[in-house]
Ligand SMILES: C[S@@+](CC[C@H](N)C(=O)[O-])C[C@H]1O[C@@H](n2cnc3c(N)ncnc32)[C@H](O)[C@@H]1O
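Single chain ahead, by itself, as structure tokens, in the form predicted alone.
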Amino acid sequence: MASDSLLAQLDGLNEQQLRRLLVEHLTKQKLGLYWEANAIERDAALNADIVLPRLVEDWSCNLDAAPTRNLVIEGDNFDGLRLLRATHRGKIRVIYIDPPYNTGNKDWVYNDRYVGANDRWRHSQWLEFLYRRLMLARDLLTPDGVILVSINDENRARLELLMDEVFPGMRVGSLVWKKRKSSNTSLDYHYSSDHEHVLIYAGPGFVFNGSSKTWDGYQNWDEDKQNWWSSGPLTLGFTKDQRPNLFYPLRNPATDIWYPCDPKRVWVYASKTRLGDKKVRTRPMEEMIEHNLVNFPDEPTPAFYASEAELRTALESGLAPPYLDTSSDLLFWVGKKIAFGRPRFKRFKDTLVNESMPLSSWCVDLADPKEGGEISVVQITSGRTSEGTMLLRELGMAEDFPYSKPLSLIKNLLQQTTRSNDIVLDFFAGSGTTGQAVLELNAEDGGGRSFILCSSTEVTAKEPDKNLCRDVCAERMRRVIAGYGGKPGYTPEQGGQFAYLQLDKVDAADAHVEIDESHAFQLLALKRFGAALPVPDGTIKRLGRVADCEVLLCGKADATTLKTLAAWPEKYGAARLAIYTTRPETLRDKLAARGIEVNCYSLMDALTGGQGGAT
């Protein structure tokens, strides 16, 4: 029975694990998303071993002695994220991922087994799979960072609830893009699912880049305010029945000319005469006029009717001012000057809250430019999934990766979210579209963005030699960097390089035996400098420099090594040395005896720190 197996499981837990389960049970939210999960298994997976990077120079690109921030990481992205949490915590500003969509149609192989479309545990397995990875990814974001997640319509609701749990209070919204032409495949409901979504979650300081506003409309000069202004509608899209308090005749106190209200589009602001004691958040119309925020048009010959009969005659002949009809209170208008024109709102240039247009949630289909929206917002343009397929065909890789996201979508997402020197992470990198988008953006605006792409091999029992990361993701980046289809490539100075890293996992208890200097050097280079580079020869390995401090990795501290270290500051013009070594106290004392003051750090502490810990 299930209860018997549960009791047997509890019997095998220690006190700390039992406390953890009890706290989780007592504090569990009563409203939200639930799925089958085991907190003990989570902790075990997170703390099972130490993940170490190993540079594969033969599979890297244009890698020389200069460091590179561009990384292609081969392995399970859970392990890749554990590594990055130790090396890039709080440093990544933009994350884009296109995770498996949980269709049940063999769309993900990370557990080396598939779940069927009718498997009752399919959703829980998928949610737990993403939860573990998203929790790690959250720690990588900068305070003003953003994560963008692609998802289909079927699983959007589940993923959005999961994102709410992992990134509480960070929801921005979503974008909608058209992935294909409408089709008749869903005949059951006569419904075509041809759009997908990009969910957006961000820190409090994040804003989209938008697009710079043009000032062409600000051509009117206000002498009193010494400011340029443009005009905008002074009406709202509501009828007089929907907003009766906003339907009233408007008077220009300077000219005593009256303006009838459009019964289908009422005024934006209420009148003091209609408000009475009622409080509203906006100024009444009279204050807007008093502060010169309403532009009344010139009315050289306003209408004037001495009697109701005269006004009716004008209405019947169609010569009366607009928005007057026989249903109006005609007696009110008798003896008043009535305008033919319409007043407008004066929008002054220095009152704009934002100097750029905001981003619309609706993406424009490149194949149908007629979809373009208002000029007051910026819309992302995107091709369809077929664009991704055609691009891979141009790269000679069309059969290697089906249904890749269109480059235009990813490139325009990054154009709206990144700044010139940001790190962009994609830990479901697939064919590497995100990396190509980063390079193209840098080429266009001179930016120095870098990419980190995590991709698995997707090895299965039937395909033991399969390596999607090496043969598709990294290979695509090599071809893009080299240039293709008449397009120029990228030099290392332009970001046209990357380090290919494989992941080795070592049990913490065996770390002091199994970790070699190449592991240590690469991990420290990533942690201290956010970059990878070939491992130099010699007992003393230079990692880099911070201000006037040289950062070194030192193996055994023999007489030759101590002599070299003692001469290092003068030789390289360094005021200080920071040395990672297995015996920091011993090395510090030996150098102090030679009159050299250094900061020595435990190599093992540096290598094991930052990867474990409960999510």
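Residue numbers run from 1 along the displayed sequence. If you're wondering where the values come from, they're calculated on a predicted model, not measured in any experiment.
Here the subject shifts to the form predicted in complex with this ligand, a form of this protein not shown in this document.
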{"query": "Among 245-253, 153-161, 94-102, 310-318, the region lying within 4.5 Å of this ligand in the predicted complex by heavy atom distance", "finding": "94-102"}
{"query": "In the predicted complex, the one of T87, S382, T417, T433 near this ligand [non-hydrogen atom within 4.5 angstroms]", "finding": "T433"}
{"query": "This ligand: the contacting residue among P534, P343, P260, G75 in the predicted complex [heavy atom, 4.5 Å]", "finding": "G75"}
{"query": "Check all three, R133, A429 and S456, heavy atom within 4.5 Å of this ligand in the predicted complex", "finding": "yes"}
{"query": "Heavy atom of S404 within 4.5 Å of this ligand in the predicted complex", "finding": "yes"}
{"query": "This ligand contact at L468 in the predicted complex, heavy atom, 4.5 Å", "finding": "yes"}
{"query": "Partner proximity in the predicted complex: F129 to this ligand, non-hydrogen atom cutoff 4.5 Å", "finding": "yes"}
{"query": "Cα separation of D43 and A509 in the predicted complex versus here, shift of 3 Å or more", "finding": "farther"}
{"query": "Cα distance between L130 and D43, which in the predicted complex differs by 3 Å or more from this form, closer or farther", "finding": "closer"}
